[in-house]
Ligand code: ADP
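One chain is shown next in structure tokens, namely the form predicted alone.
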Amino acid sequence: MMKFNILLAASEVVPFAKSGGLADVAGALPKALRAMGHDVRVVMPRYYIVDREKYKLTLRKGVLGVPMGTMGEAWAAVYEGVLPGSDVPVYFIEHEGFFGRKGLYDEDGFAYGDNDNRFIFFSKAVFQLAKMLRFRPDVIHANDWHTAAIPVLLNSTYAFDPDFEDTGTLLTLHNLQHQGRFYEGAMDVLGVGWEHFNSDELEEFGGINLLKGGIVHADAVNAVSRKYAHEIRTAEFGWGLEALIDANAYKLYGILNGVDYEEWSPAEDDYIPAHYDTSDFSGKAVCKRELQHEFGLPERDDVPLIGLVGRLAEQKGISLLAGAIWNLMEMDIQIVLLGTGEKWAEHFFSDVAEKYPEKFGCFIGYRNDLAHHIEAGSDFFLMPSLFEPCGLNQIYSLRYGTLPIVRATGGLDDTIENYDEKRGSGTGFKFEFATPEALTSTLRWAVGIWNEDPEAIEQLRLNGMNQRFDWSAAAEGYSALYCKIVGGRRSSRYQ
């Protein structure tokens, strides 16, 4: 396998800043790529939540000049650190006006009004950083709309720049719902020329769509699961870009995310009260009782405990759960929920917990330790997502012997094998239709198996715990894709 210079640009990176799965990918994939021998560097904004002292960031000499079209030239400082537990360099673009704020993209539920300028600035700063470092990337790996301007810039502003003459671009789609739609005046800041303001590139309904332009101009586009790569070509999941994506399907790929098994393993997890593995499940019963105690539920071994962790957002299927909850509360089950999000959902599920204190536990907010407790102590893990590009909690659940109950969409469908009662195969339970009735019937099915066939449940747990979705497999997929991009760029140069 050839070794490449990779510059990965992301708006958020674990552990420095996170709002979703993008940060997990940007914090883990570069380590796996470095282990394969690639020279990979990461660049992100230096938000004020990124503690320079905690992460031992050092200020590089010199300043970064970033041309911002009609806004003139903006200046930035560059800090340097490493991804913890590795030697992968991370460069932080500091600009107080754009990134010296409490939030990443919004504050108190309201998106920043200058997000277009903020992330056009960041995308341009990526090129200027490469010049400052004298680092000639074979591939610039952009992620979501925040850096989707990079492929557009490479094919316009930097098209004849010798520093990037062999550079290709990959655009990874983590969530197509968010596309970077702004008013047309952002073209003057982007500075790529108004000839690109057309319906085949950046223009959409009189404004600009940065993700649309990125998809068109990138050498390759990938979604974070095979199923999601197929789904986004349809009206149900394409968010208005399905025709464009279908037209670019020749360069569309699906690479499933990995997970960090060093953090998520019941045999070594420092957060959980007892360890366990496939040879000894006894620790899981201890975790279950502790979880019941933590949520004030009766400490019963004979009742199935169902966990949920995630954003209380429409995407995650909270309306399906809300529509099903009264029927579920008639069953002999317990449910624990950890999450924050839409206010109606926070109030609704808090009210359910008050009405059914022996069946439903609710924690509004987020605690990483509690997320681990739920994964380890639950018998089932519910993810009724309307769409799920990849999903990680269902993979964590497999490792913890906690059987996923999921809607068959995106990465949930790719990673969970539906239980086959005749063969005794599978790793969880799936439903197709996004309705409360489908959720309820599937959960009844799973609980029925739990009550009537404990041997089948034990086998499903073993099946799941023996699955592996580590980052080395994902890195191999990305490495092969980088090879296609570089080969395509170089061959086109000499035609």
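The first residue of the sequence shown is number 1, and the count goes up from there. Computed from a prediction, not measured in an experiment: that's the story for all the values here.
Keep in mind the form predicted together with this ligand is missing from the figure; the text below concerns it.
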item	value
Contact test in the predicted complex: residue 137 vs this ligand, heavy atoms, 4.5 Å	no
Residue 289 within 4.5 Å of this ligand in the predicted complex, heavy atoms	no
is_contact(residue 179, this ligand) in the predicted complex, heavy atom dist at most 4.5 Å	no
Contact flag, residue 365 vs this ligand in the predicted complex, heavy atom cut 4.5 Å	yes
This ligand in the predicted complex: contacting segment from 204 to 212, 94 to 102, 290 to 298, 311 to 319, heavy atom within 4.5 Å	311 to 319
This ligand in the predicted complex: contacted by all of 21, 371 and 396, heavy atom 4.5 Å	yes
One residue of 340, 115, 418, 86 in contact with this ligand, assessed in the predicted complex (non-hydrogen atom, 4.5 angstroms)	340
Among the candidates 76, 129, 152, 392, the residue which, in the predicted complex, approaches this ligand to within 4.5 Å (heavy atoms)	392
